[in-house]
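Okay, here we've got a single chain as structure tokens, the form predicted on its own, with questions on binding and movement later.
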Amino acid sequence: MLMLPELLVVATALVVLVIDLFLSERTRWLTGLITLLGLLAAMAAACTNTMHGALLGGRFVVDAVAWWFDILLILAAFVTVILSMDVLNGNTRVRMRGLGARAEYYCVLLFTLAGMMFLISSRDLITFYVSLELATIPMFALAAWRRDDARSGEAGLKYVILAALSSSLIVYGMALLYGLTGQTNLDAIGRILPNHVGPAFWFAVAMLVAGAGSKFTVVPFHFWAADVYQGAPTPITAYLSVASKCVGLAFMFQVLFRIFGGWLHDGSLLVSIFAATTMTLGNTVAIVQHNIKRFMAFSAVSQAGYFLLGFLGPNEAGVAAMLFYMLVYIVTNLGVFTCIIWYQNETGREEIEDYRGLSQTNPIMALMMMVSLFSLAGIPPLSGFVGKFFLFSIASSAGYHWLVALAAVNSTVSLYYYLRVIRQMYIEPPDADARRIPITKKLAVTEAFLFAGVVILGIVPTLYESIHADTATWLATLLR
């Protein structure tokens, strides 16, 4: 069944919410286990579902790209649930305020995942927009989940305002497209639009690009990221850092390839300018950050600039490179956030200088965090280097050698600020009262899994060839 993974995610959300009514306080930890089992079932359904086809009159379509996005999104949600369990169950050395309502937390998380999965398979303006809002609105609640924390409330409020603004721009652009073409099917709009180029068309382009840029944290539409990342509960920050990137990339795939595919090559200069400013500003501002979560926010902004390189080459290699780098980014970024969440659970600290001497109090976690940071910087032979190599190759083949040179310089700059964290862990001495910091088994296994992904995807990047083969005809069909 084509829609089985999405239906399993929705069913799991409802089961978790209902079964919580019959659980005592002592057994409510089972809601997390049920959530994990539901996500495993959805992952199994997605992995075994190799059929491509359409449902609901062509409004829901499963193809190679949608299949890969489903896998990536379920993986991100699965790891996030594991990272959330210690905090929600109270298994932390430092008491976390305002993080109750476990069943509701998992339910909201699953519904935002379902919205993201429906988004990439939508082929109609109405289902596309509804899926986007289903993916976005639950994130407002998750960002403000700490009811007793003013920063969390501030993060939720800012996220609501700026996300509502971006959604307004998107729906305005969609309304203009419908007015120009009289169609709601994305592929039909893409075929008819060349006959309606004019002021209204370019205004619709501007609206959709601004909305997509906000979802993907592209400069200058990135203002929400730092405050939301810092104020949200750290497991949600981890999920937001990868899931919002994934849904933003899926949104841009739908808009840039399906609707504006015929103009993508003509607009490559504008894409290159967005890429250059995004990676440069993200890396520059990250240098002066002191809070580790704000630091990762601007790291995420800079990574968005690298992703944009994949749109410069109108061929299937760009799609494959972006999907592969998204997988690399998920395992690498979640690897860093696993260490951040563990350290905050044990110490309550989240400043960069608080990590001093970590190599002495827990050398294994310090090593894994160092490797993940090096991967984000693009150090060979780790997966981040291979992913950036594929993206840089796309830009180079399109003739944007100046942008490749700028991206290489930015990677060097990023190495400097990632080394700030590594310096604290390995060079600065620990506090006089520092003690060995333990780690729970579930976090240790999760970090080991992510660490293996960071290393293996770099040494044996054969998965890229599989993604490339799956998407070989997808883009060629759209840009025919």
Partner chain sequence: MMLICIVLIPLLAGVIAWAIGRQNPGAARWVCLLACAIDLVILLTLWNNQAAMAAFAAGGPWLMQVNVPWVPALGISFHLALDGLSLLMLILSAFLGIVSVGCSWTEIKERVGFFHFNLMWVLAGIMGVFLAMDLFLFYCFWELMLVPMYFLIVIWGHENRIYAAVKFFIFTQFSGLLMLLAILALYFLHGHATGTYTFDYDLLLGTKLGSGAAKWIMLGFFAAFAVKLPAFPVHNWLPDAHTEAPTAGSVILAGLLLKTGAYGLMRFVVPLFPQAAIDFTPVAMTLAVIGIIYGAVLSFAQTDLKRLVAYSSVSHMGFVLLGVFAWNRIALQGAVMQMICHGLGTGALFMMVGAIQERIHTRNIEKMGGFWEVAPRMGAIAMFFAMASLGLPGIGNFIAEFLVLLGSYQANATMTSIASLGLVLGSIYSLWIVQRVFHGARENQAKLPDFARREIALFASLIIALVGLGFFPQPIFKTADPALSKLQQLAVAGQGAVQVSEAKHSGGNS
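Numbering follows the first chain given and starts at 1. Nothing here was measured: the structure is a model prediction, and the numbers come from that model.
There is another form of the same protein, the form predicted in complex with the partner chain; it is not shown, and what comes next is about it.
K.L.:
In the model of the complex, does residue 27 have a heavy atom within 4.5 Å of the partner chain?
P.N.:
No, residue 27 is distant from the partner.
K.L.:
Considering only heavy atoms, tell me if residue 385 and the partner chain come within 4.5 Å of each other in the model of the complex.
P.N.:
Contact with the partner chain, yes.
K.L.:
Though only this chain appears here, would residue 141 touch the partner chain in the model of the complex if you measure heavy atom gaps against 4.5 Å?
P.N.:
The answer is no: residue 141 has no heavy atom within 4.5 Å of the partner chain.
K.L.:
Using 4.5 Å between non-hydrogen atoms, is residue 237 touching the partner chain in the model of the complex?
P.N.:
Close contact is absent here: in the model of the complex, residue 237 is far from the partner chain, nothing within 4.5 Å, heavy atoms only.
K.L.:
For this chain shown on its own, do 363, 389 and 397 all sit within 4.5 Å of the partner chain in the model of the complex, going by heavy atoms?
P.N.:
Per the other structure, all of 363, 389 and 397 touch the partner chain.
K.L.:
Would you mind picking the one in 379, 130, 285, 256 that has a heavy atom within 4.5 Å of the partner chain in the model of the complex?
P.N.:
Flagged contact: 379.
K.L.:
147, 265, 401, 349: which sits within 4.5 Å of the partner chain in the model of the complex by any heavy atom?
P.N.:
Flagged contact: 401.
K.L.:
Only one of 337-345, 294-302, 117-125, 364-372 has heavy atoms within 4.5 Å of the partner chain in the model of the complex; I'd like to know which.
P.N.:
Result of the contact check: 364-372.
K.L.:
Under the 4.5 Å heavy atom criterion, name the residues of 400-430 that approach the partner chain in the model of the complex, in sequence order.
P.N.:
Those in contact are 401, 404, 405, 408, 409, 411, 412, 415, 416, 419, 422, 423, 426, 427.
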